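First, one chain by itself in structure tokens, the form predicted alone.
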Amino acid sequence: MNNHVRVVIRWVAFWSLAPLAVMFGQTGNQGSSRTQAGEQIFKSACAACHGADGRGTAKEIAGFERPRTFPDFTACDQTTPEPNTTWKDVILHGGPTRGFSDIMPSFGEALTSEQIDDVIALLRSFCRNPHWPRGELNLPRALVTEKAYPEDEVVISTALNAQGAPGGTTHIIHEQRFGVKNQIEIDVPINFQDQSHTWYGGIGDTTLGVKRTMFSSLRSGSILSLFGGAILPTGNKARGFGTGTTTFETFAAFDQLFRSNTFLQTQLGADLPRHTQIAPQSIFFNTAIGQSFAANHGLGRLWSPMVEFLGARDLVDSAKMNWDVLPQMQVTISRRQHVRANLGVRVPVNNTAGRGIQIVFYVLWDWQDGRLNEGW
């Protein structure tokens, strides 16, 4: 599409919306529903490109080649992971604000904030299946506590020893949704340690698992999931990189989002080795408390300070619960917010013998939201 056509689209959209902005400003208090109001605006200014049904207008009619990221609003797997703030930012400031095509113009001068919310309410109605968990419940990922939301992510997470013997572990994690509520997870740890002034490295025990959302409600801000998986003995036990036995892992994850953008994430689970004479059974409890702040009236770069409280205990006589505290900060890096980073310090609270302070950090890529080289 050339620049002349883009200018025409912007002007047509603006002047077609100008009288609607006045009309809805006068009649917004007369009982019209949000979706009905959004439908009028959508038909006037959006349907020419996005189609009356939200699937997109054919190239021969729209007059431009669709970019790869052009949305189909009836495809629940595409739309439900997106929070309303993402759509509002794009409608208000145009596609480039989130690294999308400039075919999508800005409507910030043509629509009020409330009218944009009306359009978003209509867009949400195009997904007919209410069982898909909404993107608002996809809370910022903590460094250790697993969240309940089924995700499409690649995460590279590293923990480095700040005390004791030099070394650390890097986890390469792949998460992929399938169906409406399910996710598979593959976690491959890579260990590197200085043992008696000689460095050793190798793969640790690999985790294969499935997570399923059991309950989610945008109205209450709650989501609950269950996880089941196996930790395979792929690591070298002699080097301390593995347990030497298959371990079954299970946990429940419950997340709660509050209206103030404060959030709480909890995870309760157990590791159950097949051969308890080689490795003991254990339980763990993790919780993360955080708050999200965003620039540009809640639409810009997202900062999420959090603190985690981590507990674990072997199920053997005289064992004690080990407690750690992990303050951290997550921040979005790309304009599309699909690449994020987190940095924290894990500090043992009790039973500190052999458990030193660690520097923990990760970089994650939400590949459902775009390619790694997009959205910058």
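From 1 onward, residues are counted along the sequence shown. Nothing here was measured: the structure is a model prediction, and the numbers come from that model.
As for the form predicted together with a small molecule, it is not shown, yet the points below apply to it.
Choose from 151 to 159, 170 to 178, 258 to 266, 101 to 109 the stretch whose residues reach within 4.5 Å of the small molecule in the model of the complex, heavy atoms counted.
Among the candidates, contact is made by 101 to 109.
Just checking whether residue 335 would be counted as a contact of the small molecule in the model of the complex - the rule being heavy atoms within 4.5 angstroms.
It does not: once the small molecule is placed as it appears in the model of the complex, residue 335 has no heavy atom within 4.5 Å of it.
Check whether residue 37 has any heavy atom within 4.5 Å of a heavy atom of the small molecule in the model of the complex, and answer yes or no.
No, residue 37 sits far enough from the small molecule in the model of the complex that none of its heavy atoms falls within 4.5 Å.
Flag residue 64 as yes or no: does it have a non-hydrogen atom within 4.5 angstroms of any non-hydrogen atom of the small molecule in the model of the complex?
Although the small molecule is absent here, residue 64 would touch it in the model of the complex, with heavy atoms inside 4.5 Å.
Do residue 143 and the small molecule share at least one heavy atom pair within 4.5 Å in the model of the complex?
Because no heavy atom of residue 143 falls inside 4.5 Å of the small molecule in the model of the complex, the answer is no.
Selected contact from 305, 71, 229, 273, since only one has a non-hydrogen atom within 4.5 angstroms of the small molecule in the model of the complex:
The option sitting close enough to the partner is 71.
Looking at 137, 279, 119, 253, which has any heavy atom no more than 4.5 Å from the small molecule in the model of the complex?
Exactly one listed residue reaches within 4.5 Å, namely 119.
Residues 50, 87 and 91 all lining the small molecule in the model of the complex, heavy atom within 4.5 Å:
All three within 4.5 Å in the model of the complex.
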